[in-house]
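Form predicted on its own, single chain, as structure tokens, below.
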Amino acid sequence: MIKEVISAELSVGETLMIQKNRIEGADAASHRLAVVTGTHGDELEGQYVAWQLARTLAKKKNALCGTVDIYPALNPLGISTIYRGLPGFDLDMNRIFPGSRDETMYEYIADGIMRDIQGADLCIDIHASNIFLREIPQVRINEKSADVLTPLARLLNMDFIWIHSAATVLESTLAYSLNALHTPTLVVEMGVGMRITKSYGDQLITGILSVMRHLGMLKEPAPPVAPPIVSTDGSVSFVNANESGFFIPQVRHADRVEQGQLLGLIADPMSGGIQERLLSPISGLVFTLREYPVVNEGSLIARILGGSAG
């Protein structure tokens, strides 16, 4: 059932409308899961998840207990114009929550989204990376919420749970705002901008079914999920470029590397020279790797999860 969440009139005589697909099973009011994506217009990994999850649940309607709300596009104008932020505004939609009924149009929209999701048993907020970086399937959690969220995140079939320090978490995000209102919200990050990685989406759908079983929303055995690596900020090392040029990787995404191993080269197409050889500062897992080859001084090249993470 397609339902309107919130709408606002645009200056061009059209209406900006946020919609959701509500799928109800037996005892629809007993539980509610919200699956959210499309906050950034260049993050398309969640579009496949929204589509495939709706199809999967339609086949499992007799086993469903409660309600699943799928929000495929919180920023529909961004998705339709391939624009990360809010078209016509110099704004990132994930920096205006919890919103307000009395301020700008987009704050009004954000407030309506918050009100609609608030009170769910769980919200899963799906993101991809940008066009510059590729990420392994992971859940990111604010350390303030780690005690509540980590057990749920372990069921999501993601490769990695990254528990961030509170100082690095932006309070104006959807996830932070919902968690502050005691609506448990997990942030999933996977893949790369402007692309769909089907295997990652299928992996997450298995995890969503596992969580639903745990919440009492699925009356059938939970699909098996792989145990994730759980880590904190202290286990993660960043590799940044010290020179400009184009990046030629010498390892693959999700490879395990040794300390001192060559990760890639920064090349100079003008001279044919090599500007920099990038070496791994630690032994561990390359969970983020540069996808877009052009780099400037300071550009993020990789993030590596140290081998001591548990």
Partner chain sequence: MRKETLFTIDALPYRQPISVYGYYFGTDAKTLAVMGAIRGDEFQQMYTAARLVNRLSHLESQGRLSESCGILVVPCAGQFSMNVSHRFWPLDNTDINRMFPGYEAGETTQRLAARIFEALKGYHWGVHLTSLYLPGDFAPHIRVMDTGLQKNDKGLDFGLPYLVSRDPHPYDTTTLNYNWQVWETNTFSLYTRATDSIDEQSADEAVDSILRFLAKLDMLREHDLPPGTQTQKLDEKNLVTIHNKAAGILLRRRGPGDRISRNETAALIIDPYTSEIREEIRSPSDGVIFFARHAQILPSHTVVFRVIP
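Keep in mind the model is a prediction, meaning the values are calculated, not measured. Residue numbers count along the first chain shown, from 1.
The form predicted together with the partner chain is left out here; the points below concern that form.
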| remark: The one residue among 165, 118, 80, 172 placing a heavy atom within 4.5 Å of the partner chain in the predicted complex is 172
| query | Might residue 111 be said to contact the partner chain in the predicted complex, defining contact as any heavy atom within 4.5 Å? | reply | no
| said: Test of understanding: in the predicted complex, would residue 20 fall inside 4.5 Å of the partner chain by heavy atoms? | reply: no
| With the partner left out of view, is residue 270 within 4.5 angstroms of the partner chain in the predicted complex by any non-hydrogen atom? | yes
| Is the gap between residue 265 and the partner chain in the predicted complex 4.5 Å or less for some heavy atom pair? | no
| note | Partner contact check in the predicted complex: of 242-250, 27-35, 43-51, 64-72, the stretch with a heavy atom within 4.5 Å of the partner chain is 242-250
| request: Give, in sequence order, every residue of 271-297 that has a heavy atom within 4.5 Å of the partner chain in the predicted complex, or say none if there are no such residues. | output: 290, 292, 294, 295, 296, 297
